[in-house]
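This document opens with one chain alone, in structure tokens, the form predicted alone.
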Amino acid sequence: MILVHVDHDRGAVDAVSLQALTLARCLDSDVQAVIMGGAEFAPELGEYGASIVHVAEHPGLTDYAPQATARAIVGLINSLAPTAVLGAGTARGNEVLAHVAAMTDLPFAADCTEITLGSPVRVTRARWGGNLLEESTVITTTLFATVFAHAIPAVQSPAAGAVSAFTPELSPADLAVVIIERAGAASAGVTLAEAKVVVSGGRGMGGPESFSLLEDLAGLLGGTVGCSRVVTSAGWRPHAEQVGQTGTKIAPDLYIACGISGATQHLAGCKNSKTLIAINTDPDAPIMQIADYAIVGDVHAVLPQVIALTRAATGA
């Protein structure tokens, strides 16, 4: 049996957790999920192959609490004895599984793109943000691994999704790290991680005022705005919009990179885009080499034309 830790946040299941469920089904026909609260998500998890959804119910698990979550999972592992425990290859998913591994004194393989169970277990891991694939063997009695974001598309395969509630035994130390407050305005509209269209800007935009062009184009295409790390470092846009290894890894249908040279860290975040269009004055910029369509030119001259043509095509 494979146990999958499913993360959720503010009313939505993490998309990478659904990808982990999909990979789990490739390893074993018996796939079960564990989630902290969130019994209402059981039907959705059943659609992605979870025969049983183990719901941890505890007053300390009303929001993200990494060590407490790990302790709950360890308790479930002791009773279920799964062959493997998978999770999402996200900052939160990796943190939780790292705690689980530490508590059980077993190895942990993060950001896997392929897994072959056996003795030993063989995994392929994404390193350097996916720019390098590492093949490794893992000597362990129970595999703990996370699935690299967007390496495997989430595919439905309906199962029962039956709810099995349990109350984990948590100590005050387990609850030492919890979210007690969220500051800042809530995001509106489609989020960067789930957007089908992302229009991003880099240093080549020249300043924060030029991002109004990206907002106009993103609005016409039903997408959202992203940016490179240098833009957030300069304070032009918030970190929540950063695409890259230290930002958000995305897999939109269309990614338009405007004035972005394409540092390795940025490419790690957008390499899974289905179609990538790059606009840059430098024809030899790294991002131009991997783009499906490359436009050599100044974004301030090109974007107004693209916006005008898009308005005409959409009738907006």
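Residue numbers here begin at 1 and follow the sequence given. Whichever C-alpha set is largest while still superposing within 1.5 Å between the two forms counts as the rigid core. Because the structure is a prediction, the values reported are computed rather than measured.
One more form of this protein should be noted, the form predicted together with a small molecule, which is absent from this view; the next part is about it.
Peer 1: Counting heavy atoms only and using a 4.5 Å cut-off, do Trp128, His266 and Asn280 all touch the small molecule in the predicted complex?
Peer 2: Yes, all three are in contact.
Peer 1: Among the candidate residues Val31, Val34, Ile256, Ile260, which is the single one with a non-hydrogen atom no more than 4.5 Å from the small molecule in the predicted complex?
Peer 2: Result of the distance check: Ile260.
Peer 1: Quick one: of Arg92, Arg203, Arg237, His150, which gets a non-hydrogen atom within 4.5 angstroms of the small molecule in the predicted complex?
Peer 2: Result of the distance check: Arg203.
Peer 1: Among 195-203, 134-142, 77-85, 172-180, which stretch has residues whose heavy atoms lie within 4.5 Å of the small molecule in the predicted complex?
Peer 2: It is the stretch 195-203.
Peer 1: Does any heavy atom of Val13 come within 4.5 Å of a heavy atom of the small molecule in the predicted complex?
Peer 2: No, Val13 is distant from the partner.
Peer 1: If you check in the predicted complex, is Val299 within 4.5 Å of the small molecule, heavy atoms only?
Peer 2: Output for Val299 is yes: heavy atoms within 4.5 Å of the small molecule.
Peer 1: With a 4.5 Å heavy atom cut-off, would you call Val230 a contact of the small molecule in the predicted complex?
Peer 2: Looking in the predicted complex, residue contacts with the small molecule include Val230, since a heavy atom lies within 4.5 Å.
Peer 1: Considering only heavy atoms, tell me if Thr191 and the small molecule come within 4.5 Å of each other in the predicted complex.
Peer 2: No, Thr191 sits far enough from the small molecule in the predicted complex that none of its heavy atoms falls within 4.5 Å.
Peer 1: Once you line up the core, how about Thr146: does its CA shift reach 2 Å between the shown form and the other one?
Peer 2: No.
Peer 1: After superposition on the rigid core, does the Cα atom of Ala15 shift by at least 2 Å between the shown form and the other one?
Peer 2: No.
Peer 1: Quick check on Val231: with the core superposed, does its CA move 2 angstroms or more between the shown form and the other one?
Peer 2: Superposed on the core, Val231 moves its C-alpha 2 Å or more between the shown form and the other one.
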